[in-house]
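Quick setup: the C-alpha cells below cover two forms of a single protein chain, split into structure 1 and structure 2.
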Structure 1
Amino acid sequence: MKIMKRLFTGIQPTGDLHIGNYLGAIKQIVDLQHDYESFVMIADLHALTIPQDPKKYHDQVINVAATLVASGLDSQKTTLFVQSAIPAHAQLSWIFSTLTPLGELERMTQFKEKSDKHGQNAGLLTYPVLQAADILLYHADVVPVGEDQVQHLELMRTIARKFNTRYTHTFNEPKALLTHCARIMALNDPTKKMSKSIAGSAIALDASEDAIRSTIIGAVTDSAPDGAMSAGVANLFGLLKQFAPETVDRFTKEHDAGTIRYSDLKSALCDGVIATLTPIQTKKKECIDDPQTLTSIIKKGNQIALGIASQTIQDVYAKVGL
C-alpha cells in the first residue's frame, strides 16, 4: 500500500467565509484530500486573539465545519477536529514559546497589522507559536495555506530546528503548499486582499444571488495604459478561470482586441459563482439541520487527533525532562 504524506491545515472560525477563503483554502483542502492523509483543524483558540462573542462562538465553529463538509470535505478521508478539544496544542505552544526569539514574533506582518487594528494582546504576538505547535504535533509533511501565512510557517520551521538542536531530533520541517489562488483581491479595491474585514470587498459563501450579482457588478474594472490588464480586470479574469473556465478564452481574445464589454464578463462570472455556491449552500443547510451528523464527525476527528497529539506531547515532555 502506498504510504501517504500527511497534510495539516487550520481555519479560524471567524465570521462569514468568502470566495477568497474558498479558493485560497477550502477548495485546496478538498482537492488534496485524495492525495494526502489530511488533518483539518478549526482554530478556535487562535481566533480568540480577536474578541469573540461567547454566546455565538460555538455556532461559528459548527458553521465552519458545515461549510467545509458542504464544500466537499470527506470525513472518511479527512480528520476534521477542533483545536480547543486537544490540550496538547496549548501545552506544546508553551514549550515552544520558551524557544522563540521575541524579535522574530515582533516582525510578523500579521502581528503588526492586527495589533494596529485590534490593540495589542500577548496572544496576537504568540499566535505563530501556537500555529507551530498545531502543525508539529501531527508531524505533518505539507501545510496548504494562503500567501499571508508563509511567514508563520517559516517561523514554525525555525522553532522545529531550535527544539531539535536543544533536545535531540524530534520534528521534521513541514513545507508550505501555496495555493495557486493565494491572493484573491478585493472586488471594490484590487490593491487590497479580499477580506471579510473590508466591506464590499468579498462575496460571502452564504451570499444570496442578488448580493453576488450586485457585488460583482460593482467590481472595479479601470483601464490600464497600452492595452495592459489593470489589477481589477486581472482579478476578475482570475476568478473567471475558477468559476467559469469555459469563458476565459473568449474574454481574453476580446480583451486583447479591445472589444471586451465588462458587463458581459461580469455576467458570466455571476453565473459561474452562483452555479458553484448554490449546491454548497444547499448542502450546508442540510448539515446545519442535521447537527447530530456534524457533531459525530467532529467527535470522531477529535478522538483521532487526541491520540496522535497526546503521543507527541508525551515524547516532548520526556525529552524536555518534565
Structure 2
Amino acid sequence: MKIMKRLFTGIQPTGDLHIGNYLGAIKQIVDLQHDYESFVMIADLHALTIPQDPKKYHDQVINVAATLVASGLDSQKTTLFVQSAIPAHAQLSWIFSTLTPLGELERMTQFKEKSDKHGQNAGLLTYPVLQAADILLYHADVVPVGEDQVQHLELMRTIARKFNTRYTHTFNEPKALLTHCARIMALNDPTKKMSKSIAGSAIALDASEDAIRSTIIGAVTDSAPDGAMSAGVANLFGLLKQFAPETVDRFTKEHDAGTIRYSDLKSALCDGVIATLTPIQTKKKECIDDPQTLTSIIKKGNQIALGIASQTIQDVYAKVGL
C-alpha cells in the first residue's frame, strides 16, 4: 500500500467566501485530497487578529465547513477540524515564540500590510509563529500556498531547524506546494485584490444568479494601447479559464483580431460561474439543513487532529523539560 505524503492547509472563517477564495484555496484543497493525506484546519484563532462578532463567529465556522464539504471535500479522505478545539496549537506556538527573533517577525511583509490596514496588535506580529505550530504539529510534508505566504513558510522551516538544533530532531521541514491559480483581482478595479467588503469587487459563493450576472456585467473592460490586453480584460480571461475553459480559444482569437464583443465574453463567464456555483449552493444548503452530519464530520476531524497534536506536544514538552 502506497504511503501518501501529508498535506496541511488552513482557511479562515472571516465572513462570506467569494470566487477568489474558491479558486485560490477551496478548489485546491478538493483537488489535492486525492493525492495526499490531507489535514484542513478552520483557522478560527488566526482570524481573531481582526475583530469578529462573537454572536456570529460560530456560524461563520460552520459556514466555512459547509462550503468545503459542498465543494467536494471528502471526510473519508480529508481530516477537517477546528483550530481552537486543539489546545496544542497555542501551547506549541508559545514554545516556538521563544525561538523566534523579534526582527524576523517585524520584517514579514504581511505584518506590515495588515498593520497598515487594521492597526498593529501582537497577534498580527506573532501570526507566523502560530502558523508554524499549526503545520508542524501534524508533521506535514507539504503546504499549499500562494506566493504571498512563502515568506511565512520559510520562517516556519527556520523555527523547525532551531528547535531541532536545540532539543534534538523533532520536526521535518515541510515544503511549500505553490498553487498555480492566477491571482484574482477585483472585478470593478483590477489593480486591487478581490474583496468581499467592497460592492462590485467580488462574487460571493452564495450569490444569486442575478447578483452574479450584475457583477460580471459591471466588470471593468478598459482598453489598452497597441491591442494589448488591459488588466481588467486579463482578469476576465483568467476567470474564463477557470469557469468556462472551452470558450477561451474563441475569445482569445477574437481579442487578437480586434473583433471581440465583451458582452459575449461576460455572458459566457456568467454561465460558467453559475454552472459551477449552483451545485455547490445546493449541496451547502443540504449540509446546513442537516447539522448533525456536518457536526459529526467536524467532531471526527477534531478527534483525529487532537490525537496527533497531543502526541506531538507531549514529545515537545518532554524534550523541553516541561
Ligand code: TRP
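What you are looking at is a predicted structure, and each value in this text was computed from that prediction instead of being measured. Rigid core here is just the name for the largest C-alpha set that superposes within 1.5 Å across the two forms. One-based numbering along structure 1's sequence throughout.
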Checklist outcome for this item: Structure holding the form predicted alone is number 2
Next on the checklist: Quick check: Glu147 between the two structures - does its CA shift reach 2 Å or more after fitting the rigid core?
Outcome noted: yes
